[in-house]
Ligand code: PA5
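Taking the form predicted alone, here's one chain by itself in structure tokens.
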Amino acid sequence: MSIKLNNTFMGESITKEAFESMAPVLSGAYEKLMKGTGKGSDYLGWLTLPDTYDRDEFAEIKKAAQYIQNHCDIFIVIGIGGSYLGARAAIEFIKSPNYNQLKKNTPDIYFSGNDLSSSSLQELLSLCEGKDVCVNVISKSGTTTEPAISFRIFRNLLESKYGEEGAKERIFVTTDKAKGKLKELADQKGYKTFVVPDDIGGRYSVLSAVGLLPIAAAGIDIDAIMAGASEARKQYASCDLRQNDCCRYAVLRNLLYRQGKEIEILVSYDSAAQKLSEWWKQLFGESEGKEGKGLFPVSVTFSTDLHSLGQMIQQGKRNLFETVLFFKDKQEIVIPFDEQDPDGLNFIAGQTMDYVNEKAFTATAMAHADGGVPNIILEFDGRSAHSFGFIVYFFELACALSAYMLEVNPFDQPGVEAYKDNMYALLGKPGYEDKKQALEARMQNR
């Protein structure tokens, strides 16, 4: 497995001299990361995780996944942000976006606690009627509003259906190893627990128990995922700008940012990568977006979105570039010949869908580059557990390097607390009385 960076469609945006001039900046960022001397160095556990993960916990994850497969029709994964995006990305990327509709010997998997929509929660409760259900709640503290509400409701459902003792066997908790309200509850109730590592932040945690339990429950080979990530770690173990495509990607996006590009669009040509793109958006958005800096990460799926956003990308404001994930689909569906040719497609009869998709990719990259939108192409082989692990590590490393090159902390997210504090105050949480009064006065004066 390897990711090949193709800069054929970059246009004239980056000169060789400009690229090579970034070597010292990259070297400094790489050294900070590997020596743990940069900001946020308490959260570098993901760097070595593919090779140093806890083998005993790994075995327990597999055992729990087997129990879930044997005892439930529906598996509810409760979490928000990094607590669910990585697992959902893996299931859709490796299995299918239509995983729940596939014929399989694993449970349907639904994700909850990632919004505050009463209708979506009610629909999920309805889906659980008459079904055997297991739950995995993922939260470091257990007090984050969205997952905490969802867990309270599903815990009540399971206790009503199976009794407190029966529910205990169906609830799996991934949380802090020693402290927090959720840890206290799990110990009190006797739930099976897994650890959110202290030295790994949420958006970097997909290769820990946070992501691996739901992934394993879907019947995915988590050994292959870790092997892919380990291979990536070995490939990018030295910072050689001529050979390390992960470092090259970090440098190219940083150079484009310095040239006034404000938006990075992650492009895929397969809907199976949509949730991977959502995970990527959180990874880069939370890691870089601070101190008035950072590229704004967005994503599209082509060719679908070419029919809605293609015009904007082709001829809109020239403040963006594209990073394209391109891999070949192994399903070789052949386009049939039709004697009447009513749709005029006989000129591609006998070709595969993958062939047409590849030509659409090349045509689009050419058109967008000609239109002033640089394209960074990341090519790799297919969708597999191994390739997923490799891709995750590639982006985690590139993201950390990119943030250090911007001189921001890749591992904190102080800005997300602002809305939480306001919400707690407006909901009347104890300890927020003064803030609630100030906010209500502000609302009255609008």
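Sequential numbering from 1, following the sequence displayed. Computed from a prediction, not measured in an experiment: that's the story for all the values here.
Same protein, other form: the form predicted together with this ligand, not shown, and the subject of what follows.
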item	value
In the predicted bound form, the one of 208, 375, 150, 139 near this ligand [non-hydrogen atom within 4.5 angstroms]	139
One residue of 82, 107, 228, 297 in contact with this ligand, assessed in the predicted bound form (non-hydrogen atom, 4.5 angstroms)	82
Stretch from 200-208, 187-195, 247-255, 271-279 whose residues place a heavy atom within 4.5 Å of this ligand in the predicted bound form	200-208
Contact flag, residue 286 vs this ligand in the predicted bound form, heavy atom cut 4.5 Å	yes
Proximity of residue 413 to this ligand in the predicted bound form, heavy atoms at 4.5 Å	yes
Interface membership of residue 357, this ligand in the predicted bound form, 4.5 Å heavy atom rule	no
In the predicted bound form, residue 144 touching this ligand (heavy atom, 4.5 Å)	yes
